[in-house]
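Each of two forms of one protein chain follows alone as structure tokens, named structure 1 and structure 2.
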Structure 1
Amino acid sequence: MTGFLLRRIAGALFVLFALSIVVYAIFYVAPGDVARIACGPRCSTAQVDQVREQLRLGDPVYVQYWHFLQGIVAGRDYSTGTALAHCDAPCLGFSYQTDQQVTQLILAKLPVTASLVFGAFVLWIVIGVGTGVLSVWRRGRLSERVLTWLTLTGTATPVFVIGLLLIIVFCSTLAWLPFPQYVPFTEDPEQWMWNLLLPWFALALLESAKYARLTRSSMLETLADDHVRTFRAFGVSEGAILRRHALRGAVAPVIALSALDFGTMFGGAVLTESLFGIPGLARELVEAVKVVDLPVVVGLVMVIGFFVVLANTVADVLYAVADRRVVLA
């Protein structure tokens, strides 16, 4: 087990390293005047030159990249125009357009995205696994077909359509909920919840369809196994077979997929965050892309990639722990 863990962690670190190279190459070796793009349209020629100096854009690419990597591991200094600022490790760069350190910017957005993902996560597991179990229990009947079509509809509906409809129905027509406006948990937990309720549901309805299908197919696969036939022959009740045996077959894949989705959602909830005006990581990315704030874009892509790699690793390890049939190779 320890060897397996170490190998997985080493693999993850390697992918992160490769990720940083690819992302750096895509954005900083891009055609065009990178210093001008990074600095923004309001910069004077002198400022652009200063940025070029700081990002070492005159040096060979590998030297530039080395300084970038050094910033992440050990921190580096940036001039804000008037004063010299030290950017602590992990330093992901400096946004010349907003005069902010990218790391600080991301840290400020992190709790917002975490709030969204946590709530939606709980909902999508409950709704998804619940629907899956129900459709297996009712298999062969009308209610199963209805559930199957519902989940198919769920996978086919873009999240911004579900979200818009939820807003229209619950905020506008019925006026049960306020138009979502993010309130930090530390400020007012109750308002935090009410305002996040719709985004949670919008995200969860979409995701839960995937879990319903996964739960269903894993359970059906177990039910088709020979040992289940033996249990039936011994007269074990259908309910007990579902609870004790079929559901167990769904545990490992559901855990693995949730770990993966949980990580992906940290950057993947682009549409939900934009639609509901939740100032999280993904919305920041959209804003940064619109004004071409290059350092922020690069920093966010790296951090989002980091979460996915982390989630991938955790998912692998959890899968191995949950399903003892996996050979730890």
Structure 2
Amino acid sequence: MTGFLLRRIAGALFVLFALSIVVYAIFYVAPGDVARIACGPRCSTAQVDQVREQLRLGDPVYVQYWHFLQGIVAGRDYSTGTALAHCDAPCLGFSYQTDQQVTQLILAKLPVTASLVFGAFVLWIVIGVGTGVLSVWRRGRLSERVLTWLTLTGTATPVFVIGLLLIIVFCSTLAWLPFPQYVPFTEDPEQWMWNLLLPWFALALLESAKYARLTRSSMLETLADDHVRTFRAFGVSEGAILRRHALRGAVAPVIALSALDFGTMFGGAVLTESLFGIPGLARELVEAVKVVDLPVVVGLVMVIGFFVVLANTVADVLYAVADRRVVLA
């Protein structure tokens, strides 16, 4: 297991290193004149040249990338024309629009998105896996057809439609919940939960449909195996077979899919954050793209990529715990 963990950690670090190269090349090498983008369209040629010198854009590309990587690992100094501004590690630069450190900006938005993603993640696992198990247990009956229809409907329904319906029903018609306004957990845990309840369910209902279908198909595949027929022949109850064997066979694909969804959701919940007015990472990424704030865009893409890699690494470890044959492979 120790060797397996070391291989996975080394692989994750290599992927993050490769990601940094690709992201830097796409956003800093490909766009053209980064100094013009950073300075703005109204800058004179002299001002653009001054920005180019401050950002050290006259250096070779590999030297610029080395400074970028050095900033992430150890921090770096930025010239402001008359003085040096130090950026502590992990340094992702300064925003072109606000002159704020990108790392500080991300750290301010990260708890908001983490609150949304963690809560929705728990709900979509519970609802999705529970619905899949229930549909297998009730297979061949009317309830199974109803659950199958609901999961297909959930898969085909956009998240903004689900969110609007939840707002209309629970905020306007029934008036059971206030319109969501993000409240930090440290200020008021109860209001934090009530204000995130609708965004959690809007995101979870969409994602849980996939997990219900995946759980159902995986369990049905396991139930068709020869060893399950042997258990039935020896008089093992159907409930015990579902709990001990069929559900266990569905764990591995659910772990793999949940890792990918959990990581990408840090940057993929754009519609949910925009609909409910949640000031998270995805919404900040959209705003940074609009104004071509390259350091913020690059920083957010790197952070989202980090969570994707981290989630998949954790999934590999959980997969190995669930099936020790993975460690030996």
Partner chain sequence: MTQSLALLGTEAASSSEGPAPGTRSFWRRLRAQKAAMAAGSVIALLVLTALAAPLLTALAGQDPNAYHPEAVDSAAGGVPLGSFGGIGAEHWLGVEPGTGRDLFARIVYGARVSLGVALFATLVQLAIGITLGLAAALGGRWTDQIVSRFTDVNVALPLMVLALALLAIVPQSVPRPVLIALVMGLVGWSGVSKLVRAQALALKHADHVEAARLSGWSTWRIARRELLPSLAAPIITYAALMVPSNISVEAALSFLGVGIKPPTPSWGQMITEADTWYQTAPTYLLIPAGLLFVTVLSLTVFGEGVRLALDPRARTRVLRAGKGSAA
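Owing to the predicted nature of the structure, the values given are computational and were not obtained by experimental measurement. For numbering, take structure 1's sequence and count from 1. Whichever C-alpha set is largest while still superposing within 1.5 Å between the two forms counts as the rigid core.
Assignment of forms: the chain in structure 1 is the form predicted in complex with its partner chain, the chain in structure 2 is not.
Residue displacement note: residue 301 has its CA displaced by under 2 Å between the two structures (rigid core superposed). Annotation: Cα of residue 278 displaced by less than 2 Å between the two structures, core superposition. Relative to the superposed rigid core, the position of the CA of residue 47 differs between the two structures by 2 Å or more.
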